[in-house]
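You are given structure tokens for the same protein chain in two forms, set apart as structure 1 and structure 2.
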Structure 1
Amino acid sequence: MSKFNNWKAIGTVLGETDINEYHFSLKNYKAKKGDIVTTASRLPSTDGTVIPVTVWGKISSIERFNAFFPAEAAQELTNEDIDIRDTILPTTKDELRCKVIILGYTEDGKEKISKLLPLNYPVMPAAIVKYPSSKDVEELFISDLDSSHPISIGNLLARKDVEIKIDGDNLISRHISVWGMSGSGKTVFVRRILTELLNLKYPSFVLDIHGDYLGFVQKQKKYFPDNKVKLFYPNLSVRAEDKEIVYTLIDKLGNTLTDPQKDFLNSLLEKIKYEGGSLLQYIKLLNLKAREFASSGSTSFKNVKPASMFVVARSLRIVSKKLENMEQTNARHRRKMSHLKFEELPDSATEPEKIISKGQMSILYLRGYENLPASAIVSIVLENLFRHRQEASEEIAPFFTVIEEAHNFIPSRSENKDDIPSVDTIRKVISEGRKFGTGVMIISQRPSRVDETIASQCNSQVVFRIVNQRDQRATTRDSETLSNDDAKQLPNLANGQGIISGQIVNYSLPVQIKFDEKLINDDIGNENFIDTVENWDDKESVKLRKKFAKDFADINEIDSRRAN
């Protein structure tokens, strides 16, 4: 006997139906947007018989209207400040009309709910719509997911008691994009995934700009005793092959150079060979050499005057200064978290196993670095790690990369930042990653500013609250499974509520992501700056400076007095 008979009737199918969607009239308060509903139907089977089935669908929109309430009455009620309940206007004639996106059907008469099959015959108009039990919805999701590594991410938005799991295998190999405004729940979702990957001992590499994932380092011993969580700070080390990246960095970070000056820089890079090591040291060396050539009036560079060489030397000095500043800023942030063990990022070319290892999460703390150097670092590291996966020796295990603030690393073509070094690397990793087990998760609050080709190669998507219409359009543009109805819902999602779609779930589902509160970074604070100012007390050095300033002001005042 079908489980259908045990579920509560909540509505009736309306008018014309097709194999993709139908509408139904809903009983008051019996279902919400995003709910899973069913209707009984009969289909012609492949052997010519007619079989009873249960058609499953998701409520994608609900319209509520009172056809008996004339719009112009509202005008009078407002103008005259009249309460509708005092008048003869009807208040109870609301009608609810739901649109249902059909997910598929399951055959009746089976003990367990089977995998969903695509519907090929429309549901019956006037059929009863029922509300399946949470247990049965969960059973459907699990059976449909058919995953050997399901990962729990939260619950169905409309039903707290329906757990939602995603397919771990598709997640780590097919790439995923995570979009949403600041504070909408992106990090909550990423923490959830990283937690589950740690439990599976699957290696991950996280590019952390704001320190959102340092909670894993803080709580590693307590919650992940069998895992390693490594925290790295960048080491700008380069090899001879990275000449192009070095050139781009100098070109973009330094002064604008003329064509002859650029020629000189290129020749300099050719002439001053570098065997690998710190980028900063290399740039300092280049600066020194450029000065020497300029002072000696060297003629070894065709058509380059000493003045041009000085300009290049000055530019190199600026670049080295900037890099030093970034390193110092990063170090300052690290010092604030002195209880955490930061390690210098190992050389990804020669010691990749220190970054990627079974059961290990590696976090690269990029705070303080401008986009371009950060992009160069990411490009070099990912390029090396990917090469190690490509090579037959396979020195490192498959791994999963998390790229925060992705619009900085893979900007859209419309941003005119094509020469950002990480674009090509990530594009390569994402297009070939499936073969080599290098899955990528790209996260951004501005999907419209992310490279379209890379975004469209993410087979799954999680979208949190998005208000900007350009970004809303970008989410549907990059997804094959996110509908326009889903996109309409995006501005209204609350924190931690998102729409998950793609190969990790098979169809788009509105979900409430499970919040792993225990993994919040304790050092980030609650951003309550008003309280901070309220409790503010100047440091001793500042107090002293203020005191001296007053003394000097007194001296100046006496000095400026007119003599009698």
Structure 2
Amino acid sequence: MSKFNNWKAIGTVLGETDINEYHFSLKNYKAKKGDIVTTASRLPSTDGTVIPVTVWGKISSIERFNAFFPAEAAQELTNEDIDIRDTILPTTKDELRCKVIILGYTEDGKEKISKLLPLNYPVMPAAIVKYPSSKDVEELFISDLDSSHPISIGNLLARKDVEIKIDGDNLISRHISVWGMSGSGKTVFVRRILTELLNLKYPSFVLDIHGDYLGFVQKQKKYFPDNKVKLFYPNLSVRAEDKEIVYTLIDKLGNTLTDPQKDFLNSLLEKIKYEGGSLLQYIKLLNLKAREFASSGSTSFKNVKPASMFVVARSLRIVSKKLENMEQTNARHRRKMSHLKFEELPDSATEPEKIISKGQMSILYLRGYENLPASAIVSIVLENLFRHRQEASEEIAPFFTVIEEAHNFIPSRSENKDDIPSVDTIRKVISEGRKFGTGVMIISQRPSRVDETIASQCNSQVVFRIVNQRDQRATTRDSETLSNDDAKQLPNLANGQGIISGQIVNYSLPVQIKFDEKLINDDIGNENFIDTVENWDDKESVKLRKKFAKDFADINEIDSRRAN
């Protein structure tokens, strides 16, 4: 390749190589870990001739040592408190040894850098290792990506001037997991992806727990004038097919029930159908009917005494109060951002097009909701939206779902939370979504706490800084392309630095994610808690606490009767 001759020589291949990796001796300060390097080689062809090729690789590790400076000498200098410059010991004989993971090869003699082919013959020992120009590295990445819709996410960590793009088609169809500690850069990456999807007019549905994506709503007119960014708060209609979810919600949020009481609750759900109303209104109706049956001594329920009916009624009231409290908490957070337009979530069963529409990002603001109710909300909405994509008429466009705090919605089996409603729903969407255009992104700071089956269905991963060893093992367990060398790098990554692998790229790459500062939520992006304390009113907070205590006082009374 003529370009090879123009690149700088930076080292020499050492004596033992194979088709997967090689080592080379590096000139001082000429390359870094994660850099892309090349070496010339020759391969046998199918017709018996030998063809010249350029082999591309990624530096996965660098070691530095000095054979003329033994450990005994270092110990002596330390003990005697001697500066090495005051001795005759050599300080310029350091050797740098790099390990290179082979990415593939390109054939020489072509004007443009073509797509990489898998290497099937070892590189030549003593061959020169060269440092390709950033322009040629970028050309290789784009050519090898071979994507109709490349999405820019940042730059190669080792080279700021090499832009990294991922395959947008594989992103939205084959699912992706994003792992990393709090503050490591996960949200920065997600904002980058959502920005590019808006530019492509591709619909997205974002489950926002903390308000991290409200900046899109604030800045929509300025930066996305041709898109719609809708901000919804939860309000779910209940249907017959949601019975199991409603039962789980009542069972887990309310009092512990005996078997006869559970039988009564089940019968109540079968008997009382409620169409065209919110989940909270339905539970209030169940409470009312349970009290009516108990007060009248109804015999419609075999082997269930009125006392047990009253216990179920009280449990339903507890559930309704808790849901009311969550709604009020969510509403209080919304009132703090009164300049934003919050809309009630449309019925996903009858009006899915109001949630999923071409060029629209829909954000479901879940702040204030406990894990179980939030899971029930997500389960019902996603189940309905997925059903609309499954139908032959395809009533809504393909869409991309972003699931923040995924360990709350799809917990690992070791968490013993298999009854979380959203687990089965997301498992179905992620296993069948490729066929119907319902891609999913799962995000968590604790990958070890995420359902293993669902995580393994994600064909691409972006991993930011992770220190916890259990979580590190989970990232390599779920990825077929993240190497052990990559995993060793995870604890040392800085904010915004991540390793991207899987089907959105052809090989794992260390990347610096582009930071879209303009999309930070102004309301929570620069919180100053010292100023908050300076303006704090203790009397007002006490007044609010007493109000809530009064609201719940009537449901904390202990019934002296023992239910059968």
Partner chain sequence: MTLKIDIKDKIKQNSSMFVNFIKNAITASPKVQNNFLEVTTKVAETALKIIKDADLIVDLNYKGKEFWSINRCKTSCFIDGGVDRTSIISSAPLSIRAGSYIVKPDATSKREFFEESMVFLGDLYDPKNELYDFVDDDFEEDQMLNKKKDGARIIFEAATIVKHILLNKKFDYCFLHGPLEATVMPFTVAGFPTFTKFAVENMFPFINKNSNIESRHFINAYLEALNYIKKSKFPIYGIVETSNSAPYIKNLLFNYKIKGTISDKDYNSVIKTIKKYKITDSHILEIILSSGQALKPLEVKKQLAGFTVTSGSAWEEKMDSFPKVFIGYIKTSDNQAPVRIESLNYPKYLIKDYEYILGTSRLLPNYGFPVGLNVVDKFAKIPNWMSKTSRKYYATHLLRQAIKNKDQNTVSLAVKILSKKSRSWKNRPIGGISK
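For clarity, a rigid core is taken as the largest C-alpha set superposing within 1.5 Å between two forms. Remember, predicted model here, so these are calculated numbers, not experimental data. Just so we're on the same page, residue numbers count up from 1 along structure 1's sequence.
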Form predicted alone - structure 1 or 2
2
If you line up the core, does Q75 shift 2 angstroms or more at its C-alpha between structure 1 and structure 2?
yes
Cα displacement of E534 between structure 1 and structure 2 reaching 2 Å, rigid core superposed
yes
Indicate whether K93 shows a C-alpha shift of 2 Å or more between structure 1 and structure 2, with the rigid core used for the fit.
yes
